[in-house]
Each structure stands twice: as C-alpha cells, then as structure tokens.
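Next up, structure tokens for two forms of one chain, structure 1 and then structure 2.
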Structure 1
C-alpha cells in the first residue's frame, strides 16, 4: 500500500500522529490528533485487524478527521482524534492497554480517549489504571446511550418536519434495528411521545424488555422490511448496503449506528429510492455533547445543546437539497465551512493582536 503519511496529514490538516509500539505486549498503535480545537481532541480507541501498518494509520487519519467534523457540527468545544490498535499483533492485552494508557497520559490531556469498535470493558479497566484522560461518561452523568437516544429523537423529529412540514410523532411508525443501550432508550422515548415502534434484536432478553415497553417485536432479519415512516439503525455499522436498501419501506433513515452505510456512495442509492438519510454522525452526537460538556463545566443538563441536533439536521438536509448533493456530502461541506470560518477568525484575531 503506497501511502505518504506526512503528505496525507498536510492535505487533511492533521496536527500530529503518534506511532506507539511495545514489543513485549505486542502493542502496535497509531494515535491521530486531527485538530485539537480549544486545546482538546476527542476520539475512540478502535481495536481491529489491519492488513498493514499503513492501512491502520490511514484508518486513524480518516476517522480522526471525521471526528472533528462531528464535533464541529455538534457544537462541541473540541476536535477529533482516533486511536487504532492492530488487534492481531497483541500478545498481552492488559499490558498493551496499560502501555497505551501511559502514552495517552503523556499527551497531557489534549487527547480524551473513549471506546470504539473492538474495545472492551476489560480494555477500559486496564487503560484507566494508567490515564485519567478518558472521555467522561460515568459519575454524575446518565448512561451515554440515553443521551444519544435523546439527541436522536430530536434529529428524527427534525427529519420528519423537513419532509412533512410538521412532525406529529403520534401518527408515525418507527422501525428500530437493535434494542441495546441506544435503541431501547430511543424506543422508550418515542413510545412516550405517542409513536408506534417496531423493533428487532437477536438478544431475546432485550426483545422481552422492549415488548414490556410496548414495542412490536419482529425477527431481526425482517426489520428492514417493516413498513414504517422511519428506519432507525441502532445496531452495528454497515447494515445498509446494496441489498438491504432495496428492501426498505420507509421515507426516512435516521439512526445512531456509526457508519451505517456499507459504502459512502450508498447515500446516493438511498436518494435514488427517494429515502431521506440523516447522516449518523450528525444524529448520534448526544453522548459526545453531554460527556464533553460535563467534563468542561460539570453541568449535567445539556438539553438545550441536544436540541440543537435538530437544527443541525435541518441545516444539513436543506443544504443537500440546495446543492443537489447527498446529505453525507452536505454534512461534510457544512462542517468544513464552519471549521474554515473558525480558523480564519483565529488568524484574524492573532493578526489584530500582533
């Protein structure tokens, strides 16, 4: 894989990338800090099998840049970062995580790490022994999934308003794929608001709990076929691809699952089918907003900021309509412009004071 790290960083505006290794534990990782806005960068730790160092580094670069866009759109005072750990190289996992924790600690707080794909509770425990620079979600705050579900509800409401001119959740049907931390909390909120909720999860304990809330449970393999107004993917990424998109019987896709489109150009396929797509990174920022805000200010009520997810959704959807672009392209464009304006303002201020 041909790949010039510094060229890539220059083009994407990366601040720094750290290569971290320890032979004894088999730790091989990259920490990419894209843009430490306001002195801080947020991003999860992904533990994944990569075919090469270059592939791992590129993933860290792309994901950290996407995280900056997510922060900018969410109004979070911070930028994006990402750690990727090469899973199949690890020899002693607790030791590898402890070493990674030391490296994060050495960064002095500019990087706030959180969980991502492949990162386990045991990893978190090993890491937390060596660093306290972890994205805050614990003491004093409600579980992350509940904050994410609240933001997702506001995003769904905004999407329906954009389509129909009004929301009227009590007349709507929402099909939720995945009844875990986010999906279950979202189901409860929507039922409370009067919507009909269809849900699916392979975990029978979770579907039992959902039924008790009033969710109409269907088979996990059939949820994409459910006739509804909204399909809300809240399970794993990549669940929307060539085949599942053809089966959808909804007008709006709006869920929390990260990277729900198997490929970015699947946004075009949804468009072609007349289905409006709210990008997951716009909709699922609730826990980021609440966690980052709590860490800075110690405040626990972030409802006004979570409500802004709805405004951002509308702005992105309108931009896509105006530009005839996909909503994913529009979200990136809006974030890039906001970031450029911010960088220009900082430059102007620096120029004025010198």
Structure 2
C-alpha cells in the first residue's frame, strides 16, 4: 500500500501524526490528531491486525478525520483523534499499553483517548496507570455502550420519521448485527419501546443474554438477509460492501459501529437500492457527548444533548435530499461548513482584538 503521509495530512488538514514503538513490548502504533479544536482532540484506541504500517497509518488518518466531523456535528468542543495499534506485533500487551499511556500523557491533555475495536478492559487498566487522559475511566458515568445506544435510538427514530412522517418504534422490526456493549443496550431500548428486534453475534453467551431480553436470534451470517425496517450494524466496521448491500431487505441502515461502509461510495449503492443511510459518525456520538461533557462540566445527565443527535440526523437527511447527494456527502458538507464558520469567527475575534 503506497501513500505519501505528509501529502495526505496536508490534504485532510491533520495537525500531527505520531509514530510510537517499543521493541521490548512489540508496541507499534500511530496516534493521529486531526484538528484539536479548543485545545482538545477525542478519539478511541483501536487494536487491530494490519497488513502494513502504511495501512495502519491510513486508518488512523481516516478515523481521526471522521472524529472531527463527529465532534462538530455532536456539538462537542473538541476535534478528532485516533490511535491504531498493530495487534499482531505485540509481544507484551500490558507493557505495550503502559508505554502507550506514557506517550498519551506526554501530549499534555491535547488527546483524550477512549476505547475502540480490540481495546479490552485489561488494556484500559494498563493504560490508565500511566495516563489520566482516558475518557470514562473512573468517571462515575454509565458505560459508554449505554450512552451510544441511547443516542442511536434517537437517530433511528429520526430516520423513521423522515421516511414515514412519524418516529414510532412500535411494531417496527430492527435487525442488529453485533450484540456487544452497544448492540445489547440498543436491543434492550428498542424492545422496551415496542420494536421487534432480530439479532446476531458469533458469541454464544451474548446470544443467550439477548434471547433472555426478547431478541430473536439468527445465525451471524444470516442477519444481513433478515427482512426488517432497519438494519443496525453494531459490530466491526466495513460490514456493508458490494455483496452485503445487495442482500439487504430493509428501508433504513442506522448502525453504531464505526465505518459501517467498506468505502464511502457504498452510500451511493445504498441510494440506488432505495435504502436510506444514516452515517455512523452522526449516529454513534452518545458516549463522546457524555464523556466530553462530564469532563468539562461534571454533569451526568446529558439527555437533552443526546436528543439533538436525532435533530442532526434530520438535518443531514434533508440536506442530502435538497442537494441530491448521499447522506455521507451531506454530513461531511454540513460539518465542514460548521467548522469553517467557527474558524472564521475565531479569525474575526483575533482581528478585532489586535
């Protein structure tokens, strides 16, 4: 995989990218800071197998840029960041995470880290011994998955209202791919609201718990084919691609996983099939809103801010309709315009004070 790192950073507006390594622990990681608005950048730590260092770096760049858009659209006073750790290179995982924690601490609070795919509770404990810039850890907030699920519910309601003129969940069918912390919490909320939930996960313990909640469990490979009103990918990213999109039997895709689409242009393929898509970085901002808000204000009840996720979803969907663009293009454009207005206001204030 070939790409020019500095050129990519310049084109996407990245502030800095740090390469982190330690031979003894096998730590090899990239920390990407896209746009530290208000002196802070938020983003999770992903521990994953990559084919090359370049692929890992590019993933960090893309994910951190998406986090900036996520912060802007969610009304969070901060920008985007992301850490990716090359999982298959690790020799001593606790030591590697402790070393990574030291590097995050050295950034002096510019980067506020959180969990992402492959980042375990044990990783969090090891990291937290070396840095206190770890979102949610020891904060007293509810689990991040519950906050994300609440925001996702409001976004799903907004999507259904856009399609049907009402946001009722009663008798709607939602197929959830992945019954981890977010998927399970979302399933519970939707069932309580009167929806029928179909779910799938390769983990048998999770499926047993889901069945106890009232979820109709199907084979993990069959969830994409399930007839439903909504398909909600809540597992790994990239689950929607050329093949799986053709198998969908739904009207709305609204998933809380990061990077639901294998490629951004898959949003056009969903459009071509008449399936409305809510961009994941708009929908899954609940934990970010709660974590960042608690850090700044100490509040634990952020329901009014979470409800605004639904309002933002409506704005993005309407913008896509007006511009005849995909919802991903519309969300990016709305975020860029908001960011540009903010930058211009800062320049104006600086000019007025000089």
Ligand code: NAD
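What you see is a predicted model; the values in this text were computed from it and never measured. Just so we're on the same page, rigid core means the largest C-alpha set that superposes within 1.5 Å between forms. Numbering follows the first chain given and starts at 1.
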Notebook entry, point to check: Form predicted on its own, is that 1 or 2?
Noted result: 2
Margin query: Once the core is aligned, does residue 201 move its Cα by at least 2 Å between structures 1 and 2?
Written below: no
Next item on the list: For residue 336, state whether the C-alpha moves by 2 Å or more between structures 1 and 2 after rigid core superposition.
Entry: no
Notebook entry, point to check: Quick one: core overlaid, is residue 62 moving 2 Å or more at the Cα between structures 1 and 2?
Noted result: yes
Notebook entry, point to check: How many Å does the Cα of residue 117 travel between structures 1 and 2 when the structures are matched on their rigid core?
Noted result: 3.8
